[in-house]
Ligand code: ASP
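In structure tokens, one chain follows: the form predicted on its own.
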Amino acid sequence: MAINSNSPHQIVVLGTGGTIAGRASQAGDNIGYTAGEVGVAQLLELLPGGAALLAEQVAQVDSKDMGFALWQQLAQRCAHWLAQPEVQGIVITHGTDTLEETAYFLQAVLCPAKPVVLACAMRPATALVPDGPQNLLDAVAVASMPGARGVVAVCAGRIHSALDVQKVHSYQVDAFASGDAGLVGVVEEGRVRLQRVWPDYVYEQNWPLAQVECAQAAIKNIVNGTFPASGWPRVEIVLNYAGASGLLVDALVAQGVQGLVVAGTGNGTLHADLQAALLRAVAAGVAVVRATRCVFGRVLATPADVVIDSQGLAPVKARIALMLALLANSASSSIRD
């Protein structure tokens, strides 16, 4: 699909499905719908000036079914369009369920100097009052803003960094928050008002599993397809709670899991039985990272910690970072071999 060489500020819209493209049999039904039914080109027809946007349908899925293969494909398409000098920015229509994971993944592997904006909806396209068109219009405004960069999500007029965004409500149209970090900005009548800087991310150099030089090798291989999605390391999330045992951890280790993220209580605290199982996993060669199940705040490390912390990442994002780190280690080992 060719871009318009006469337009120096082209916005590309990549469709992946989600509620924003959902369709229900009755207009008043906001929960009994099928996600990913309406094509991205059809969504753009509802927008003023939508015909001037370039649409590409990458997938049509309910985002609860998002997986590695689609992430890899999406990263490749983003890399392709970001490399075109005529393209100013990218908008991605996406479901809300795993939006925060896709946003973090794309920021980690692309770290784009141009804006990549995820647009979503909590109501299907067939709702009496759909929220998708406004969110999509706002996303285009963000992608068109001079100086914008990095991966962000736009919902209900609020701009969230890919590093901080979390879905915090199951139904309301304003379903996302950015925790202690706060919003990147807001969109008001098509105009962007910034409240802090655009996201700009590299791996934490003090996290032993994610050195920058190794991570870059993994990222390159993800984007160019060298690492097939079927070969990505298996990393699972376990939860701490009252009475938690180590049975699940032991079972996962026996099944060959390569990494574990534990969502601890409070400041990443762990039940004694669960902690013992995690230490057995570490001894068996499994990479283990500790996050908190709290929506706000982060794990504050102490010298007495026996499991490394997630550097402020929520469990689902820490899982992605750990997968990338394991891929980086794999790439580094391959290079040395």
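This is a predicted model, so every value here is computed, not measured. Residue positions are given as counts along the sequence shown, with the first one as 1.
Absent from the display: the form predicted together with ligand ASP. The rest refers to it.
Novice: Going by heavy atom distances of 4.5 angstroms or less, which of E37, D62, D29, E56 would be at the interface with ligand ASP in the model of the complex?
Specialist: Only one listed residue qualifies here, and that residue is D62.
Novice: Tell me, out of S161, T102, T96, N135, which residue has a non-hydrogen atom within 4.5 angstroms of ligand ASP in the model of the complex.
Specialist: Selected residue: T96.
Novice: Among 137-145, 223-231, 75-83, 118-126, which stretch has residues with heavy atoms no more than 4.5 Å from ligand ASP in the model of the complex?
Specialist: So the stretch in question is 118-126.
Novice: Is there a non-hydrogen atom of Y33 within 4.5 angstroms of a non-hydrogen atom of ligand ASP in the model of the complex?
Specialist: Yes, contact at 4.5 Å.
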